[in-house]
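Single chain ahead, written as structure tokens, the form predicted alone.
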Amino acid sequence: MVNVIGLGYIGLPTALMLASHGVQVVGTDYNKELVATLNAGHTTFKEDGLDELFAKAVDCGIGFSTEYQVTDTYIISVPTPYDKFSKKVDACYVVAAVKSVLAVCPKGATLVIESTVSPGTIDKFVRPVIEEWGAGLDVHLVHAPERIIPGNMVQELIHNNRTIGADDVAVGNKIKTLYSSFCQGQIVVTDIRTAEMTKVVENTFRAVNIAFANELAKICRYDGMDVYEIIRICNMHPRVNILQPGPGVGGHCISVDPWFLVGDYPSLAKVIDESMRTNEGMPDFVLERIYEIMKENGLENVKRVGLYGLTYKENVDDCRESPTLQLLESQQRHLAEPLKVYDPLVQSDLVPNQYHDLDAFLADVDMVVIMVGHEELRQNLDKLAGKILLDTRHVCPLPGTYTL
């Protein structure tokens, strides 16, 4: 049996995937309400294919509990926040989960850390706990960082390549076999520190490239050039693939993981540091564009401006590190009246002036700022006619639309 610890955006799909492919699984989470929801037959967030996978896993006998199980394999997939001042990873949740596992696990158990951590975190924080708490248990450590993205989790769990870091190659191959029950991608077995580094480097590479596109947008805005046309032409070169600029970077990976390298190597990670600051500055840049466009169009009342989209990317309900939330926080610092906000995928009230109906939202605004290119928006572009539009995602073809 495998006990998956942490049933959030990564742990739950992993547990369901294992269970639906013949592995006996119990998912554990400290959140009683979350566990009760799962036991009642409902998933806890929206994701393409997740409900179907959940139904299959339930049919295969998956269980959900707040209790840690006695078994030989544990997959720990709990959050790893970072300190925004020191830029270092906070491993407290991982350490707490490891301690709870050590309190019940049998001798020779394998602990798989799936949470994304900075290079050296397992040696600095996890291994000492095992040496102190688990002396004599002969526990095996493995790091198998997740490599999936909200919006396409189910498919990426199956098809993406994976990295498994282990102290012992035989243990690493054992966990490789476990993941091979559903993963059709290539699975590489290496050492733990290399596995830690590769995951962080992957997300850092993407963050740096996004920052280049965002900086290019600022340069083109300053000198009156069309950044999208420039990128389109440049990308015709066979060795050039510039990404699209946007209102900022959200989610729990690209907006967080690169800071681990900045925190651990502050004197070396100069390009990464500056790239992250560029991305973090984009919500303020969008806010400045809003005020510029309002002034240009004689729109003096900020109450008539609305933000379309609260999530950090299109067609998901994940609001973690959302550029819209960052923009609203920045606006709040300026003591301005909060902008109106609407997102079809966010049912709970997260911010002031939040709407839950598109028509009602549009009726109350003169200017719409497209922060997220949800499919709903693409299917209702005709409803935007007559509005002042700022499109930060380059998804609206209506004439007269402002861009970054």
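Just count from 1 along the sequence shown to find any residue number. Since the structure is predicted, the reported quantities are computational estimates derived from the model, not experimental observations.
Missing here is the form predicted in complex with a small molecule; even so, the following discussion is about that form.
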Handout entry: Distance check, Val249 to the small molecule in the predicted bound form, heavy atom within 4.5 Å
Key = yes
Practice task
Check whether Tyr312 has any heavy atom within 4.5 Å of a heavy atom of the small molecule in the predicted bound form, and answer yes or no.
Solution key: yes
Exercise for the section: Evaluate Arg206 for contact with the small molecule in the predicted bound form, applying a 4.5 angstroms cut-off between non-hydrogen atoms, and reply yes or no. Expected result: yes
Practice task
May I ask you to state whether Gln244 is within 4.5 Å of the small molecule in the predicted bound form, using heavy atom distances?
Solution key: yes
Problem - Per-stretch contact check against the small molecule in the predicted bound form, the hit in 71 to 79, 131 to 139, 194 to 202, 285 to 293 (non-hydrogen atom, 4.5 angstroms) - result: 194 to 202
Fill in the blank from the handout: Only hit among Val188, Ile158, Val104, Ile149 for heavy atom within 4.5 Å of the small molecule in the predicted bound form is Ile149
